[in-house]
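Have a look below at one chain only, the form predicted on its own, in structure tokens format.
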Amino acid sequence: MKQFKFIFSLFLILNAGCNPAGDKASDNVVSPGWHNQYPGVYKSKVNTPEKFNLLSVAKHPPRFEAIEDMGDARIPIDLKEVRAFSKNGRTYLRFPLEKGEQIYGLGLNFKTVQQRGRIMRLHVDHYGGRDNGRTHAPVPFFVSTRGYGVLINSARYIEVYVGTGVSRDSEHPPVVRDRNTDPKWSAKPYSDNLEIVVPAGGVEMIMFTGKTMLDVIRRFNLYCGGGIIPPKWGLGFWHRTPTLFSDKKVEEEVSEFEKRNFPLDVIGLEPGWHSKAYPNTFMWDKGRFPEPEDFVKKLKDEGIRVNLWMNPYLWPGTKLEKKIHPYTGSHTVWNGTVPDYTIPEARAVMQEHFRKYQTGIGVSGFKVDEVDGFDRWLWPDVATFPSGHDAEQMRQTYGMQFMELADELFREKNQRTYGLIRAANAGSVAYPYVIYNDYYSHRDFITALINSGFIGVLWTPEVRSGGSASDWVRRMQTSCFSPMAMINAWANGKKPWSFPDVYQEVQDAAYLRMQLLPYLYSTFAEYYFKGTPPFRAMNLIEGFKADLGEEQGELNSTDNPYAVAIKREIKDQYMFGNNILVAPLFGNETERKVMLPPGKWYDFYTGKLAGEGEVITVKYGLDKIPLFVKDGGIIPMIPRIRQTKEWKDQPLEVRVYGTADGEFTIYDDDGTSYDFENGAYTMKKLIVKDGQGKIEDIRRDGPWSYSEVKWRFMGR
């Protein structure tokens, strides 16, 4: 094993950059010192940072060997232009911006991808329809097109001004224009800086560099512990049943899925499994689930895993609540006490209960609800907690606190889990949870899926209802091309066959996901080993012009009195792994435009050339979601299977698109344990060269789920 040691090999302390105007607020402005921690990773501390921060809660250490394998990358900015100062318990940071430079990240945004020109307050909350920083994962990490990114490692509500404020000492000030006579006057003058306010007397910053933005994100993900490989069953189809379903009703539902030949691997139980909910007892309701252990075992024998809904707030007066009461906050949520999971004793009480009544009887995972907001649903910022951490810090990290608690439970059983959560933050990348919410815009779901790849989280566009049969199909298709394919029927009882006239199309979408499991599983393996997000923006493809500039807003005395320009960007298509471009259709659409990256791209279904670095118009019926594969792209697939328990001894069809040479690393392991972290896995390289396919072993220390390999050259 290589050992990488250059601590403080680069250390810059530059006491320069004071504002010549002599303002008191900037008398102590400095260019902060940075030290080189790993290749392409630099750390800086301004004054004394708080010990409780995002990465202290997310306890997975950096994957330094994988970071080292990436090699070094230069710092593309002049560190003298990074400024910092503290005043009145707040720390102010400034980073330089060049003309044409774009900024991405800064949270799970639903309407925008490129963030230059935006003002946000990064604050864990339920998404309220505006990209203002209040969101489920307000990750304070940005990545620049110049080839670097910065994490502000603070569990505070951080204010960010991305190219909006023009300082008097700007080195590149905007041109002063007369609105009366100059048509180029703008209400948003050019700004050459990104400014951040942290409500603390000091802060830690971590800078990541890379030859490309994707390399920067990989390094960030690896530093935060690396991505995850879900259990195989977690990548199958999920169905969450109505709230008050009993064990018998669930079993009937499972039988109906089998009868109708629809994929199903996971059943999610909603609040009704608790004897009381909102707040929760965390005890099985004896009327609906008289024998929970037998129920869970019976489903598992049928290839079905059980996932349990919960929020962390405890019904007062129960034995569990009495045990944990000394370690709870000053305020309640829905009259339930709020455990302080930063205290080991509180974690131990809850883990003991889970071992006895949930994980110990075979439950495979959790859905953690209401750890985000709205403000009136959560504890207020005046709340106090016995650990001494204030309400703001707890809100910014509470989702991660629960993920860490549950992670320990499943790791001690050597069983992988996969679940859902409503709040995450920097460091969540190493936890096997997918974010969801109650917002329900299909188009905005895709924008969120795109943004998730910038910030180290996973997001699912779950399906709950459909405005029409076609809307139902289109939502199902995009769900099947996301980290978690799921119907959430907790409120309305929807099923895959709720629109009978399009059931075939819905079934085909689910089965296509099952066929693509080898590709999907290998894509998650790259997330783990290399930090590459499995679902990501077109912006991360080199040479792809995803930002289309701005179009001048129409002057309106009420709605737009300053004729503010509107951004035009690509936010309705995305990459699924390295080779597949997904371009969803919405509602009743059967036609759309797709912007293809440089190089040749081929239709997934036919193998025919679709275009080359151009905008194309495509027409698809309800039976297909538009998919395109790059030249030389290799897609490993298996025959249709209904459940992942059938994913063994399957013939592997390796599809090859176009005429270029290509490679794809296919990965396999036991699908359930963490043994892969100790090397128990199989990895092979699928290679196409000069029109011929071959397979080479990289590692063979684990299972191999395929009986034979057949090559299929598409479109030839």
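Numbering starts at 1 and runs along the sequence shown. Just so we're clear, the structure is a prediction, and the values are computed from it rather than from any experiment.
The following text describes the form predicted together with a small molecule, which does not appear among the structures shown.
Proximity of residue 369 to the small molecule in the predicted bound form falls within the 4.5 Å heavy atom cutoff. For residue 422, a non-hydrogen atom is located within 4.5 Å of the small molecule in the predicted bound form, even though that partner is not displayed.
Contact check for residue 278: a heavy atom falls within 4.5 Å of the small molecule in the predicted bound form. Remark: residue 271 counts among the residues lining the small molecule in the predicted bound form, judged by a heavy atom distance of 4.5 Å or less. The stretch among 442-450, 484-492, 137-145, 628-636 whose residues place heavy atoms within 4.5 Å of the small molecule in the predicted bound form is 484-492. Proximity to the small molecule in the predicted bound form, taken as a non-hydrogen atom within 4.5 angstroms, holds for one residue of 309, 284, 529, 521, which is 309. Listed residues 464, 355, 413, 87 were compared with the small molecule in the predicted bound form; 464 is the one with a heavy atom within 4.5 Å.
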